[in-house]
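The data below hold one chain only, encoded as structure tokens and taken in the form predicted alone.
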């Protein structure tokens, strides 16, 4: 099945789903899932090793954000699809009003003119880690286009479009 957004068709590459209890049981799950998915979707890129490394890092940031900000119960699913040079990661996350508000505010903050300054400030801040840091990193370092779609009262879909390979 091909998903179309505007005039851009995205062909699905991979989908995984995990129960939130399994996913949230260990922080290392984020890295392991990101590494596995990156290896699966990078095989046909110009420099598959570099691409896998970049993709894994980007996906890991999304998964770590979901690790910190999700509602218990249900499952977290990750779908990766592709349209030419653009890979789309869609995370479907169980949520409540507080979590939906966190993601909506974080995504809204990414459109601010000073987003790079906010990212640097979050990196250098002492004390507790800013929970938006992974999304800030994706927007600044990876030039990811991020969007949020509520899916009823108990789920949301976080979408990240990434272009990780030069297309000259």
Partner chain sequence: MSFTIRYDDNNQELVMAGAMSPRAADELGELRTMFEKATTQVSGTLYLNVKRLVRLNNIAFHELARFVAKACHDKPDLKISVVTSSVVGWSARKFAKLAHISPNISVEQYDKDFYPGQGVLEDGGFIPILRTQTKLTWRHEREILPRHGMRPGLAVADICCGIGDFAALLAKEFTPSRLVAIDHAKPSLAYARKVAADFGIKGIEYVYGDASSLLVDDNQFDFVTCRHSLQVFDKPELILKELFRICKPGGRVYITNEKNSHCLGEPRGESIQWTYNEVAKVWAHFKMDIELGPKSRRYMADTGFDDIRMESFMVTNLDGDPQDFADVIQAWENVYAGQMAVERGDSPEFIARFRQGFQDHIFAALHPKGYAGWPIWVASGRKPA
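What you see is a predicted model; the values in this text were computed from it and never measured. Residue numbers count along the first chain shown, from 1.
Here the subject shifts to the form predicted in complex with its partner chain, a form of this protein not shown in this document.
With the partner omitted from this view, the residue of 107, 122, 115, 40 that lies near its partner chain in the model of the complex is 122 [heavy atom within 4.5 Å]. For the three residues 80, 86 and 90, a heavy atom within 4.5 Å of its partner chain turns up in the model of the complex in no case. In the model of the complex, at least one heavy atom of residue 53 sits within 4.5 Å of its partner chain. When its partner chain is considered in the model of the complex, residue 35 lines it closely, a heavy atom lying within 4.5 Å. Within this chain, residue 101 is remote from the site of its partner chain in the model of the complex, having no heavy atom within 4.5 Å.
Though the partner is left out of this view, residue 111 does not reach within 4.5 Å of its partner chain in the model of the complex, counting heavy atoms only. Counting a residue when any of its non-hydrogen atoms is within 4.5 Å of its partner chain in the model of the complex, the hits in 12-36 run 23, 24, 27, 28, 31, 34, 35.
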